[in-house]
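What follows is a single chain, given as structure tokens, in the form predicted alone.
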């Protein structure tokens, strides 16, 4: 089969100004709840887009761990490529895609570090082996081999003797404060629904975009 011949119709649902929530966080909560109730695999996975030192956009998948009216939280190593990119330019984008529901959400916002208490609390809520992996990994740095990482993991595990490691100072959370949302619902004949919420001052405006 040729790639150009792959296509499908979108008939799952519709999105219009009348059935959209008054605020984007309410609309996000509805769609996230729908995705979780439908048992979509990795429903909380989102693409995080930042701009690297070379000026090129960088995209990777991270996991949403919390959200509220003030923003969307994920955790990582602050010395990673994404951490360094955010340090230089805090403007980022988040992208959720749920193919089973024919839905996408794009969020533009400003990333800032969570406080130390939030980072430590989440770090120690993780499985112990995940904590150890985070403690020994200088994320995004060049390593000689997989064996090098496995040896470091084994060494720290033995040193801890069943105890949990301290949360590294280079590890923690980011909260993305949103300034713009786009909700995309696939529709028949490629006449997709695109509803945009944009923050103007202290209020959210709503408009429809052509597909």
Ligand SMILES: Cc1cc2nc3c(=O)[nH]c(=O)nc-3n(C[C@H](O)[C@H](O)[C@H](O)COP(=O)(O)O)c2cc1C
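Residue numbers count along the first chain shown, from 1. Worth saying up front: this structure is predicted, and the values here are computed from it rather than measured.
The same protein has a further form, the form predicted in complex with the ligand, not shown here; the description that follows concerns it.
Enquirer: Report the residue, out of 61, 143, 38, 179, that has at least one non-hydrogen atom within 4.5 angstroms of the ligand in the model of the complex.
Expert: Residue within 4.5 Å of the partner: 61.
Enquirer: By the heavy atom within 4.5 Å rule, which residue out of 119, 131, 81, 108 makes contact with the ligand in the model of the complex?
Expert: Of the listed residues, the single hit is 81.
Enquirer: When the contact criterion is heavy atoms within 4.5 Å, does residue 42 count as touching the ligand in the model of the complex?
Expert: Heavy-atom contact with the ligand at 4.5 Å: present for residue 42.
Enquirer: Does residue 75 make contact with the ligand in the model of the complex, using a 4.5 Å heavy atom cut-off?
Expert: Yes, contact at 4.5 Å.
Enquirer: Against the ligand in the model of the complex, would residue 139 count as a contact residue? Criterion: heavy atoms within 4.5 Å.
Expert: Result yes; residue 139 sits at the interface with the ligand in the model of the complex.
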